[in-house]
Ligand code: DGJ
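Single chain ahead, written as structure tokens, the form predicted alone.
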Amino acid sequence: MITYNEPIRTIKLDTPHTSYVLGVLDGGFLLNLYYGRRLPDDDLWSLSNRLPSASFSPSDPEYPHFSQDASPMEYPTNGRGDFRVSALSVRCADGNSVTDMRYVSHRVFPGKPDLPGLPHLYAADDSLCDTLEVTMRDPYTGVEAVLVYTVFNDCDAISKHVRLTNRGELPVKLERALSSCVDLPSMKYDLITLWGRHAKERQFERRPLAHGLQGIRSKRGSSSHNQNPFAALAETGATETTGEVYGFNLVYSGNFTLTAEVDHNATTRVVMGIEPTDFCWALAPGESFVTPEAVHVFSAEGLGGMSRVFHRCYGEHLIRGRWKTEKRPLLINSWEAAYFDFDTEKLISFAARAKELGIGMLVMDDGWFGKRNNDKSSLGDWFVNEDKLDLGRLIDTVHGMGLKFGIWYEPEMISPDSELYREHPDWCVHVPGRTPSIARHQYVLDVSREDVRENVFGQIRAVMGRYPIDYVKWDFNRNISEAASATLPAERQGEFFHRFVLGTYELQDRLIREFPDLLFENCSGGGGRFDPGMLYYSPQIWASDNTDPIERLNIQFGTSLCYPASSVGAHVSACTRTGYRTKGDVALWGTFGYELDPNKLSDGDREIVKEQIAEYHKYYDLIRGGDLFRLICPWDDPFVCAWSFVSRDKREALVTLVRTLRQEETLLHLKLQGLRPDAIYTVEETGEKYSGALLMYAGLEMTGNPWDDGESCKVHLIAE
């Protein structure tokens, strides 16, 4: 709900449990008066009072008692006296970068607008959300900023983006065009982020705010393994279940920034959007630029409460298509089973064994195209290697067994040793006169170019249109260097990174529109593009190339701070660190599948796999539709971690515990969460009965179960 109080000029945005309040001062200064627990009040002007600014901070001559540098500016700009980090900086035609946005008007309407060419949250029905558009304008340049906010009536999420239009008579350049700013009246927060690297993605890190700048960013051309476009501010002492937490996530897959700045008054500003390094966007008169969408969540119920809002929001308002609700097939992927060493008969043998086990889909990974027998050639040559593979017979045979069939692509890359590169060497991302860097024996293909996209998609369509393929895994296996495009003039090279991401989005959108029944999974060397931008196109993302179940715990717990279990690509592999039971229990958290040679399973392991597949079907709806509770996090306890999924009606729960490191016998009463205190729950495995109150406040007795390193157990609870 969005309301406007005309006499006091405040705009109030309410979700079920939160309020976000704006105020318009004389002079058109737009302030962020409040964001937090839902309030009944409209008049929050007292909250705008801040300590005086330093004597060196200037003020507008017409409003001498107002200082931007000491005020909670809603969309702060550069060069007019606010010396904190800004959200917008426009380079004028005369060369200066002074920017000054003032309120002009606003409007409120039901529903949510689309963002053409960009991923974004959506609402299936206009009654599910309301949108506010605040129009601001710089009177000097004529640049207009429309701040767009959507509040969702079924969850405590607010989305924000900005539409910038040059209404002036001269061209300008956007040098900083961020999506969001929030000013908070305290610095008593911890900054929580997800750092990582290849095979070690989304590792939890928490540190207290300090005066000055802290934050995260990517300059790699993708959201990256190294930092995820998510962060949270948790009040000092906040836990999984208690305390106030603000969550921020950018619906974008390219270079991003999130900066928290604590100023001299001990207030905190958080800005988020496209990373300004190497960004510059030219706007001729009449042209517009739309920023990516930012998603904000506030929870007074700790980190767990914040996460569950993100999960529900993304499950209902981000993930799209047939596979949003339809049960997804359990798959086996050929990569760790065969790498490049496969042919038609070997893959048919995989399918036959998979059928016996109850697996529903065979995925043929890298190595099926061009002359691809290793990672040194053929990216860009998306035609079947018929010397290696009879794809038609393979798919017919797999489908004849009752299995679905999937295939791997890496469309944004090109090998120097490829027909495409020999024909179009200028299609790779490069700077003329410089030798392009190479990684994994490949260059990046310039998908910011329309002719390149047409070629790539034409090749994909030729295969997908000829063969009945049910699933595509889309990979991206290097970062971007020498960022430039041969088709952009010198003055627009700063647009390359964003145009590249827009090109990727266009390709993925065309794929799912032309093949709407396709199950689509994104990947980037594992989890290098695990972001909400990718989730808009694919309902699941391969979480990491690391399939070690113990190391996966940190990855999956970290991922769960923001992203729902239904999106987390997780497989059982042949890794020898633990037994198959633990591998299955950990992978059951996500999409679940297998990454191994089924012909090499022992008889005992085959029986365990069959049990796991039965559990996949048994718990499918509970895991994908229920609420996740992180009971013991790996960053809090070196010996054990635990989690549970609880159905929305609280009648069913699945609890999983993994012993990560053996220790001397100690009592473990695992306190559950999210149950009905007055309900009686039966432990399916033993028949024991406990009240929800006992399970949550006293705990479920788990001492010594499991005992050894790498062992796990599950407890299934059903309410009477």
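Numbers for residues come from their place in the sequence shown, where the first is 1. These numbers were taken from a predicted model, which means no experiment stands behind them.
Another form, the form predicted together with this ligand, is not on view; read the next lines as being about it.
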Inset, instruction - Identify, from the list D365, D130, E74, D100, the residue with a heavy atom within 4.5 Å of this ligand in the predicted complex. - result: D365
Legend entry - Interface residue in the predicted complex among L445, L178, C523, L250, criterion: non-hydrogen atom within 4.5 angstroms of this ligand: C523
Inset, instruction - Would you check whether this ligand, in the predicted complex, lies within 4.5 angstroms of a non-hydrogen atom from each of E275, R478 and R499? - result: no
Inset, instruction - Heavy atoms, 4.5 Å, this ligand in the predicted complex: which of 507-515, 541-549, 235-243, 626-634 makes the cut? Say which one. - result: 541-549
Inset, instruction - Determine whether any heavy atom of W335 comes within 4.5 Å of a heavy atom of this ligand in the predicted complex, and answer yes or no. - result: yes
Inset, instruction - Using the partner position in the predicted complex, report whether R440 sits within 4.5 Å of this ligand, counting heavy atoms only. - result: yes
Inset, instruction - Give a yes/no on whether H430 approaches this ligand to within 4.5 Å in the predicted complex, heavy atoms considered. - result: no
Inset, instruction - Considering only heavy atoms, tell me if W643 and this ligand come within 4.5 Å of each other in the predicted complex. - result: no
Legend entry - Contact set, 402-432 vs this ligand in the predicted complex - heavy atom within 4.5 angstroms: W408
